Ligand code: ATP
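This document starts with one chain, in the form predicted on its own, laid out as structure tokens.
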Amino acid sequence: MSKQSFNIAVLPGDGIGSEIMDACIKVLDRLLADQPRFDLRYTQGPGGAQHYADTGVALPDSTLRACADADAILFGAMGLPHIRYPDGTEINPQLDLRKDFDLYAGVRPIRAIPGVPSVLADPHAAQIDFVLVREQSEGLFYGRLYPELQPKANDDEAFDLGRISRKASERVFDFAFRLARQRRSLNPAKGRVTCVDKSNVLSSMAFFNKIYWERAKLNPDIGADHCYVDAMALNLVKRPWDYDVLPTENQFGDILSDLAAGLIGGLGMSPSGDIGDKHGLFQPSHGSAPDIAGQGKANPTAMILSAAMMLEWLGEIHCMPEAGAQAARLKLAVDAAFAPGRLHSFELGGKDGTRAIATAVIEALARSQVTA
């Protein structure tokens, strides 16, 4: 049987992006070295805030073409706080990629990793395992995505245009119900969707909520409930282990995903995937962290787990269970690397940086006897 080759567009970006990307690719090379079914070919593309400062373009056409032609996009981090557009906003090409490729579902898994301390003292914290699903095509980011529709600011006031549409809401809710069904097939305790909104105050959110319950009725095999976003912020601190799949509006998802990452050790442990019907982009939830760039302190775990999400997605859309098996193997290797008493990353007060963490995951893979 011939080996299938997937073309991966690699966008390291700014700050620590290149460091964590290098570590991730080394881990992927080791992961896939001993299986015959498929491999990954990488096409690296420039882009980001520094590229904008150097050339006046944040994301060149060549990079966009590479992304369009790729089977998946592996994204490091883009943006630097001291480099901004003329309107004062930061350089965020990832928002443009979401728009260009209609990556409407921002999937943010939040899972406790054994050996990584939680900020929660409750013993149930070890059971944290839920997924935020952020609607990424509209919401309060709509004016940023479609600036030609955005009301103009002046010296007295500024506006941000928000939008909630039936089409975008239905597809993200359907995505959430499918995900919950998939998670239940792996764990019978899962299989519940909780809509997060502010429907008690905002008419757009009341519309969002109405559409949610319409879609819930079409998925009667999956449990469904609802929570206001402010109450959810409280509940994620008090009892996050109670939740499974949480679809929400763009801005709410942006905020809650950072809070949720804090429960499992920080953004360095939090992967994400930006998923559309035809394209998938996978990146850590954190930013470019220029304050530690070049020091070897960056935690590559979120980048590595994002690559595992990429393999899962490739396996699903190409009907290749071997890719899903390698994704599972990679997640197990991360868990083994962080087993109690082993790794202690810099952001958690330890001394293990990029190289040490990647090496520990590679060693765990070498110990693994699981094959595709």
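Numbers for residues come from their place in the sequence shown, where the first is 1. Bear in mind that the values here come from a model prediction, so they are computed numbers and not experimental data.
What follows is about the form predicted in complex with the named molecule, which we do not show.
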Only one of these stretches, 224-232, 267-275, 68-76, 243-251, has heavy atoms within 4.5 Å of the named molecule in the predicted complex; which one is it?
267-275
Please state whether all three residues G287, N299 and E347 have a non-hydrogen atom within 4.5 angstroms of the named molecule in the predicted complex.
yes
Counting any non-hydrogen atom inside 4.5 Å, which residue from D174, D122, E214, D291 sits next to the named molecule in the predicted complex?
D291
Interface check vs the named molecule in the predicted complex: of D100, D160, D258, E170, the one with a heavy atom inside 4.5 Å is D258
In the predicted complex, does I16 have a heavy atom within 4.5 Å of the named molecule?
yes
